[in-house]
Structure formats: structure tokens, C-alpha cells
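Taking the form predicted on its own, here's one chain by itself in C-alpha cells.
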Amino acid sequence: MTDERFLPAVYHQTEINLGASSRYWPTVWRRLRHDPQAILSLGLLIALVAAVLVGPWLWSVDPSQQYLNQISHPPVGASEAVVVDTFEPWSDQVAHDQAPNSATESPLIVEAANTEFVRLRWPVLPNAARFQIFRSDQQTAETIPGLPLATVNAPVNGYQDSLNLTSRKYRYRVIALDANEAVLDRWEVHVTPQLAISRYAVTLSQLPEQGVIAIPAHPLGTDHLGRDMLARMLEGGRTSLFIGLVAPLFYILFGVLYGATSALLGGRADAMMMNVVDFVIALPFLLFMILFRVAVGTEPGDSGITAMLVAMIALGWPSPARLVRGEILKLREMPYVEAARLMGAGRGYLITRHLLPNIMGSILVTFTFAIPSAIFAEAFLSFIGLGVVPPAPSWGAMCNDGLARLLTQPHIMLFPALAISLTVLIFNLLGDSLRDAMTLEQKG
């Protein structure tokens, strides 16, 4: 080990000018503290990490639990629902001659109205051949009949609607036609179904005696399988951030050591090591990922995280290796490095004591920018089905689940896509601020 007390003065002075002094990192922190972009990105990053780490403890909902009565529901609060028997016998051919109570009241009678079924009954008309039933919401114009539900033939004078009902106001219209398709009469009624749940979607332990069951809140709604989106977002955030942090940490660490060793060895060894780097860079990431997953043989029930991490580490290290090699090639010609070498310092000492501390700023900036790249790569691979394997949640896999339902239930894809975008933006802003703060020419 070299005794630095005997190194020439130019060695110490040059090292200080390159930023290895004790004043460098306090200066960087002072610049970050006075940068609004850095403060904002750090605050958002702390909030994001706290949400994915502490959130599952606060929102203790099982991300794999299915609420079969709330499939693809938008964000809702806690409520109550009546328990109904969806297989309860009901006749739609019972004669009904009850007249309306007033001249303005429709003879169209609502016998039951809940989100499992709406049962309508209308009067018997002697000359009627068939009845057309339509349903519309409040935004539909009065001149438009609405969604055609069914056409029933007389003597049927009832209909049960079970088509995707929700707790909002509907307008039902029934048009009576004769054998020549002439309109004999038409009726209209407004209905607001009560929130209900099928008796067969409730376990025996949940079935209440009063016939009313509590529906838990879903602040971000539910997905296509009835799973709570908030719970899956928090659990998926753990997966995405874990991959986004661990993969860059390992491949940058390996790339730093590889690039530094290559630069210090020089000559033929350096050329051979850089040929390996060029070969790895030439490998197509997606194809290699597919081949690696086939070679590893991800079994059913495996999350697929291990295969993804190994593939990212195996293909991600060449870029930081090239960066570090270029920095080391510049620094090894500095006087303080030459002085340490003349004093008998070995390669390991030169790397760990003199070279790495002076390129630590570049390494940290590279690591900061590599995190969003890894998160986006995980999201992309999970989106196309080559990343995290269901039912393990991840933001990319959740986006894939919501793509087919983007027009009807946009919240399934919107929330994980926003989480990915926000996370990538946070780390990019933080990387910009860190790069600016570590630029020695910048005025503090």
C-alpha cells in the first residue's frame, strides 16, 4: 500500500482539483438544495417509494382477491348492496290489466329493479303481435329509442333485463306492434336500479341475515377479474421498482469494474475486452430475452422476475463499461496517477482509491438515468407477455390487461400507465439535476 505522505505536492493538488476533496460533495448537495427541479423530483421519489413500501400495510387488500360482483368497476367508495337470487323463477306471461293511477302515469310496471336484473310488465293488448323493448340512459335524446334489448311475441307481456346494469338512471321503452308492424301503443318508464349482488357470488360466511352486504371501497376501481386496482398498483410498484433498481445496480457495478480493468490493462487485453463489449452490444435484447426465457424454462407459477433480471444484467453492462473505460483513459494520464504508479501502487489501489472517486459523479448520473430505462424495459416486456408472469402484478402487465378494454374501462390501463410515466419522469428529472450539480464548471 502506498504511503501518501511521500507523494509529490502536484499529486495532492491535482486530485483536489478533480473533485475528490471533502468540499466537492457538500457543494453538490448545496446545488441540489437550491434547484427546484431537484427538490420536486426528490420529494416525488420519496413519496413514490413510501407508497409502494408502506402502502400495502395501510391498504391491506389482497391484490389477488376477486370481487365477482364488481368486475371492471370504475373507482367507487364503500357502499351496501342487497343480495338477490338471480335464478329466482319469474314468469313473463302473467296477464296484467292494471290501469295506471293517473293519466300521466305509464302502464309499464317495474316489478324489480336492481343491478342484477330489471323486470318489466306491461298491459295485454288484444291486437298486439309483438313488443319491442329499448333501454337508454339519461344522455340519450328523446327522439332515439335507445339500445334494442329484445323483441318478444304476444302473449308474453314481460321482460327481464340483465345486460350490464349499473346504479344509474335508465329509460325503458316498450313499443307494441300488430301483425302488420303498425304501432299500437308505446310506453316509457324511468328506472334507477338498486345496487345488488347475486347470492351465488357471495360466500356463506359473507351472507348476511338481513339480505344486505357491505361492498368495500375501490379508490382506483377493479380490473377485468374483479381485483382491486389500488392493491395491484402498490404491489406492482414494488415489482417494477425492484427490477428498476436492482438490475441497473448490478450491471453498472459490473460494467464499472470491467471498464476500469480494461482501461488499466491496456494493449491487447484492452482490445480483446472491448471486442467482447462490442459483441454483447450487437445482441438483440428482445430476441435474447426470448431465448433466455426458453433456456431457463420459466415454470407455471413463477413470476419471471429472475429471468428478466439476469437478461437485463447480461445485456446492460457494456454501456457503463465503455463510459468508465473512456473516463479512466483520460484520468490515468494525470500526474497524480503517474505519481501513485511510480510509488508502487497496484491496479486495485489505483482503481478504488484514485480513479473511481473521480468518476463517481458520472457513475451516479448513469445509474440515475439507467433506472427509468430498466423500468420502461420491464413494462414493455411485461406488456408483450415476456416479463412478469401473471398473476404476479406489475405495471406493464396491468397495462397489457387494460389494452383490450381501453374504450370501455379506460381506468384499467390509465392508472398503471400514469404510474410508469410519472416514475420515468421523476428519475429523468433527478438525473438532469444531478448531472448539472456535478458539473464542476457550474457556478454554485
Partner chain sequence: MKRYIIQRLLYAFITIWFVATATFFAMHWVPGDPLSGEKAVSPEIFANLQAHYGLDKPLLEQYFIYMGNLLRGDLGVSFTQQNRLVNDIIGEHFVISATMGIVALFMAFFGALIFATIATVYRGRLPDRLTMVAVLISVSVPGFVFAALAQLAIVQINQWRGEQWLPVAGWGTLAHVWAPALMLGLGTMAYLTRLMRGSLIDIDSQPYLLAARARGLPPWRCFVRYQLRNALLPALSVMGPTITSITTGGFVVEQVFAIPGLGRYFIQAVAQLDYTVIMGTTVFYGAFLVLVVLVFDLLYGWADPRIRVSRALA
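For clarity, every value in this text was computed on a predicted model and none was experimentally measured. Positions refer to the first chain, counted from 1.
In what follows, reference is made to the form predicted in complex with the partner chain, a form of this protein that is not presented.
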Exercise for the section: May I ask you to state whether residue 415 is within 4.5 Å of the partner chain in the predicted complex, using heavy atom distances? Expected result: no
Exercise for the section: Check whether residue 212 has any heavy atom within 4.5 Å of a heavy atom of the partner chain in the predicted complex, and answer yes or no. Expected result: no
Handout entry: residue 192 within 4.5 Å of the partner chain in the predicted complex, heavy atoms
Key = no
Handout entry: 4.5 Å heavy atom contact, residue 250 to the partner chain in the predicted complex
Key = no
Exercise for the section: Could you spot which one of 291, 360, 82, 269 gets a heavy atom to within 4.5 Å of the partner chain in the predicted complex? Expected result: 291
Fill in the blank from the handout: If we test each of 77, 344, 126, 284 for a heavy atom within 4.5 Å of the partner chain in the predicted complex, the one that passes is 284
Exercise for the section: Among 39-47, 395-403, 25-33, 52-60, mark the stretch whose residues have heavy atoms within 4.5 Å of the partner chain in the predicted complex. Expected result: 395-403
Problem - Stretch 252-281: residues contacting the partner chain in the predicted complex, 4.5 Å heavy atom cut-off - result: 275, 278, 279, 280
